[in-house]
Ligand code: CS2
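Single chain ahead, by itself, as structure tokens, in the form predicted on its own.
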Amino acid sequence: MTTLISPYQRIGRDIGVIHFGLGAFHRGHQAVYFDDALRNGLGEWGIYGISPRNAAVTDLLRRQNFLFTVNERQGNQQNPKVVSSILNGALFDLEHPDLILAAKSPELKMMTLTVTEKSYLSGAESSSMPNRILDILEIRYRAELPAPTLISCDNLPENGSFLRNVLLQSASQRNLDQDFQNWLAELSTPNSMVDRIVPAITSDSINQFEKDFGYRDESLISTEPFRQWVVAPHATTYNLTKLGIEVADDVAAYEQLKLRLFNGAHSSTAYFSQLSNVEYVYQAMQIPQWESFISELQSELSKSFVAPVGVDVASYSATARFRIANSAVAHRSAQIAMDGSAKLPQRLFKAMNSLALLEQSRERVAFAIALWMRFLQSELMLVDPLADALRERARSSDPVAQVMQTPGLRDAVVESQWPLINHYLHELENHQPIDMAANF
């Protein structure tokens, strides 16, 4: 039986990256980039992985010597690869000798993050993510070593600037040494954008992989072939483009491209699927009328922002639809439909407002928002930070106005556009979503 074997020498290597958050996305995305760099002899890019609050992932990886498989899948095609770039890791412990060694590594170039938005909250709590980063940086500062580049890989607008602000705020709140605070002010924290579909793995997937390839990997990652990482220019001693990472001034434009044309289409498909009793979003994309609607929706959304220079928007949109339709990377519509109040402002609401301001067509965007509203009115399971308020307001006599004025809902659709959403919401009371989508 085949076992997990690294394709390169790992013993004796210096840590090049410290990463916070060893979830599936990191293992299926950033760890792959750094693995490619190590395979191609591009320097020391080995990772020390930190589990911020739970040791389950690091304990699992340790049992496999921090080796795991990333299986890229498209339709019936599978392309598994053993990823070895995570050299070590543990639950965060500032006294752990391995963490101290990583913090003092002469090859440390980056600290990267894939954590939840709430993890960025600053404050006095010692276990907060900003304070833990500060603790590691202080070790490096005291050792008189160069500061690493800090790169947030989370879906936050201007994530690098956001990270920088919370670190400086936390350092000030803690009254840390002023010289250290001055050193922090010079940190490089470029904005970045990451993209790849990495669904949660299941025991069935692990069992099937063992049957197909002859070895068992409890830390298996199943993902799509597509991946993208865009980082803003910054002063470095290394060349990111050699790692396959794009360097671009307009990271915000890439964020909009992804949020509107991929994530907007993804969320819309999820709510359509939920209301149509379709379990997986790829199944919805197999319905010709819906695939056609999504293409037209993307066309509307593309007029709500300025795309990055040199990007073919039509080609990008087609690739996004192809990705969502990938049956080998099955995303449950219920999973994509979660937390709509946090996701849709960036994906659909702001687009609707921009299109209205530009006097551009926005009927399909309004229908997509109405699908979410109808989902809120239904008996389907609702997982959302504002779930109770949204469900009650969606079932009121004036649902669009009530939902859009929900306390805590950010960047709501402007009032002038409520009647258009209301029109489609009323139509959904008497017509199936697919029939309405087909009539656009």
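For clarity, every value in this text was computed on a predicted model and none was experimentally measured. So that the term is clear: the rigid core is the largest set of C-alpha atoms that superpose within 1.5 Å between two forms. Heads up: residue numbers just count along the shown sequence, starting at 1.
Omitted from view is the form predicted together with D-mannonic acid (CS2), to which the following refers.
Contact with D-mannonic acid (CS2) in the predicted bound form, judged as any non-hydrogen atom within 4.5 angstroms, is confined among 302-310, 86-94, 158-166, 329-337 to 329-337.
The candidate site formed by 194, 262 and 347 is fully in contact with D-mannonic acid (CS2) in the predicted bound form, as each residue has a non-hydrogen atom within 4.5 angstroms of it. Checked against D-mannonic acid (CS2) in the predicted bound form, the residues 364, 216, 104, 258 give one hit for a heavy atom within 4.5 Å, which is 258. Note on contacts: among 266, 109, 132, 73, the single residue with a heavy atom within 4.5 Å of D-mannonic acid (CS2) in the predicted bound form is 266. The Cα position of residue 148 differs by less than 2 Å between this form and the one not shown after fitting on the rigid core. Once both forms are fitted on their core, the CA shift for residue 81 between this form and the one not shown remains under 2 Å.
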